[in-house]
Structure formats: C-alpha cells, structure tokens
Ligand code: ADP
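Only one chain is included here, represented as structure tokens and corresponding to the form predicted on its own.
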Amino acid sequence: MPRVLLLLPATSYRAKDFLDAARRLGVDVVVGSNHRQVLEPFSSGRSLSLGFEPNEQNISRIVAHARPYPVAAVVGTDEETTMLAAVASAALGLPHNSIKSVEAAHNKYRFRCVLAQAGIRSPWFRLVSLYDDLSETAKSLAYPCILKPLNLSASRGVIRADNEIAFLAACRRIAAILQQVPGATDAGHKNSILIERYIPGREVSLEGLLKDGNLNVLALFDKPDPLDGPFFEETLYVTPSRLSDGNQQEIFAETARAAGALGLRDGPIHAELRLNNTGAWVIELAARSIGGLCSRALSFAGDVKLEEVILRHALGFPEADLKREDRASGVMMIPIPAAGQLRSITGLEAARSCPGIDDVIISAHFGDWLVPLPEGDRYLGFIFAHAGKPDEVERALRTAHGRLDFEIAPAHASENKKVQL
C-alpha cells in the first residue's frame, strides 16, 4: 500500500477531507503536524510532530521517519506547508516543484519580480522596510495602492491606502500583525511589506492542476461581491463563471503564463486574478489548492472530490475524470462582522432550509474570540449551495446568510452586541 505524508497544520480546516480522500484511495497516511498527537508513540509511524519551517531540523525528522516508513509523496495541504513539502520532497528524491518556484509563489515580492521580468502584465510595486522613513515613502507613492505582508494568506494584512495618512496607518497596522505571526521563515518577512498599485476590476479565482507544465483548469469561480477595500475579505465563490468565453480563455492563458514564469510544473495551483478593460491581471498564484472548506463546493465526474484529485496526481495514480459536475455550485465564507466573543447563533435551521443550500457549517465555537480582517485569518463558517444556474446559487447563498444572527460580546464592553447579517 502506498504511503503519503500529509503536512496538516493544527488549525487546518482540511484534515478530514484529505484523510477521507486517502481512505477512498486505499492509501496509508502519515500526518505531519505542528500539534503533537497524544498517541504518537503508539501510532505505528502514522504521525510525526513537526514545525513547518523548511529548516534542517524538520527535514531531518522527515527523512529519519521515512527510513522505516517510506513515503511515495509529500503533500502540503495549506499555504504554510508548501515550502516544507517541496524541500522534503527534494531530500527524499520524490517528484516535486522546484524549491525556487515554490518560494517565488510563496513570497509576494519575489512573485511580482518574476512576473515583471517575464513581461506578464503587472502593476508597479515596491518593497518597503518598516524601518524606513515611511513618511518620506508615503510622499513618493501614487495612490490608491495596496500594502501586503510578504507571506501571509487569506487576505490577512492586505490593506488599500488612498492617501498618505491611510498609508501610514496601514503600515502601523501591518507591523502589529506581523509581530503576532509565529515562526516567520526569515526576519525580513517581519520587517518588510510589499506596496503595489491597486488594480480595479472584477475578481475571479482559478483552481487548477499542473501536469508536466500544462495547466488543467478545474474550476473558475466568480467573486460577485465587490472587493474594493480597504480590506479584502472574500465571501462568495460561484462556479461556473458567468464571464464570456473570451474573457475566460484570457484568464486561463494568463494563469498558465504566470505558473510557467514561476517554474511551477506539477500539482495544484490556486490563482486570484482581476479583469478590467486592459485585460486579465494575476494578483496571486499559490502552489496549493483552495483553502478553508471551499473545496467542498467542487465535485468531479463520479463524485470525486478535489483532495482525491490532488492525491492521485501526487502518487502517480491514473487520473480521475477532471470534468466538473454539470450543476452550478458555490460557497460563502461567512465573514466575521465584529471583534469579540461568540455567544450564540440563531437561524441555522432556517438557513439550511433555503432552496439550493446543501449545508451550513459553523467552524467557530461558542466562547471563541473572533478577529475580523485585516488582523484575523479565520471565518465563522461556510455555506454551500447547488442549483441549475450560477445566479440561483448566488441567490441561495445570500438568502441563507441573511437568516443567520450571531451574538458577539465586544472585548471591552459590559453588554453583548447582536449582529444581524
């Protein structure tokens, strides 16, 4: 039986889906996690405690573990594990994207440099140190612009600034966020931010699978909500896209060019693009699949799920039919409307009973302290829908969301705050 090492952060939403996919394929699994399993000494090599920095200590642990328990593939399930997966695969002599290509996709500044050097449509950009004279920097910029930490995901710390005052406020806010991020891979990530021109336009998300450098598009999601800032919390994903065939083909081609420029050749990719009257702009491209529980909005021929597609590819199994199901589908990542402690939720059954709704999953727990963007990196939960047409999916998601009420106790207030969504 082949064995795969799954790198699963303790906070990952995706553990169950990847483990279920492995069971369906009859694959043995080693779970590499940054949370030590209580029964690890008795698990017959099925778990491995790791940090996710791609350093000598973590690589040595993986290599040592693989001697008695050889693995056929190392799969990083989330953004924080992609670099370790590439470096570990190289150390074990397993197929993998080049370390350089994964690093370029993971670091937003290197990503922009690579695309610009390849002649791919790209905004002006600039790397700024938080130790610079930011007042002088603010005077030299064209507005609006976007500020981004170099290696955070889920739009955490991404802020639009429309003037000098907003720029300086955003810098202070990002600096505070970076101080809270554990285990940065190098000190520069905590001291630097990327500044780039704000790109207007309609935003989409592309889910793809690379094989020998060729891009198979698995799904193109519309993002119907405007993402104009100052923060960029994603909410609705709906597929198939309602864009014209010509626009979709341009998006596919630009994504393939970006992946090729980075040097990515195999495995899943998740890309964010904006489309305006000048064409398609690649905002980000990650060497991983879609995050959160969003993959549950996708199903392929034979009811195959995205995690199974990824494992099949990594292990060299015969590929599944990558044709997406005929029905339209979508997901809403339920945003956090206010900071505070989650006290109660009402309207769940009403939301679940909406026509077209498959499920409403609340991933936050009562008593959890909720942190909205740009500081936060979690969601309240996820709503899933299917229907005959994308418009019907969008309507179902919005209707279900409108039936949910969250009671949130502010962090420094004596009375609770009830938020109707």
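Don't overthink the numbering: it's just position in the shown sequence, from 1. None of the values given here were measured: they were computed from a predicted structure.
If you look for the form predicted in complex with this ligand, you will not find it shown, but the lines that follow are about it.
S.K.: With this ligand left out of view, which of Phe300, Tyr109, Phe232, Phe252 would have a heavy atom within 4.5 Å of it in the predicted complex?
M.R.: Flagged contact: Phe232.
S.K.: Among Lys148, Arg296, Arg324, Arg312, which has at least one heavy atom within 4.5 Å of this ligand in the predicted complex?
M.R.: Going through each option in turn, the one that passes is Lys148.
S.K.: Pick from 83-91, 240-248, 270-278, 347-355: which stretch has a heavy atom within 4.5 Å of this ligand in the predicted complex?
M.R.: Every other range fails; the passing one is 270-278.
S.K.: Taking 4.5 angstroms as the cut-off for heavy atoms, does Tyr143 touch this ligand in the predicted complex?
M.R.: Because no heavy atom of Tyr143 falls inside 4.5 Å of this ligand in the predicted complex, the answer is no.
S.K.: Can you check whether Glu103 is within 4.5 Å of this ligand in the predicted complex, heavy atom basis?
M.R.: Glu103 lies outside the contact set for this ligand.
S.K.: Can you tell me whether Lys211 touches this ligand? I mean in the predicted complex, with a 4.5 angstroms heavy atom cut-off.
M.R.: Contact check for Lys211: no, nothing within 4.5 Å of this ligand in the predicted complex.
S.K.: Although this ligand is absent from this view, report whether Arg126 comes within 4.5 Å of it in the predicted complex, heavy atoms only.
M.R.: No, Arg126 sits far enough from this ligand in the predicted complex that none of its heavy atoms falls within 4.5 Å.
S.K.: Determine the residues of 200-220 with a heavy atom within 4.5 Å of this ligand in the predicted complex and present them in sequence order; the list may be empty.
M.R.: Only Glu203 sits within 4.5 Å of the partner.
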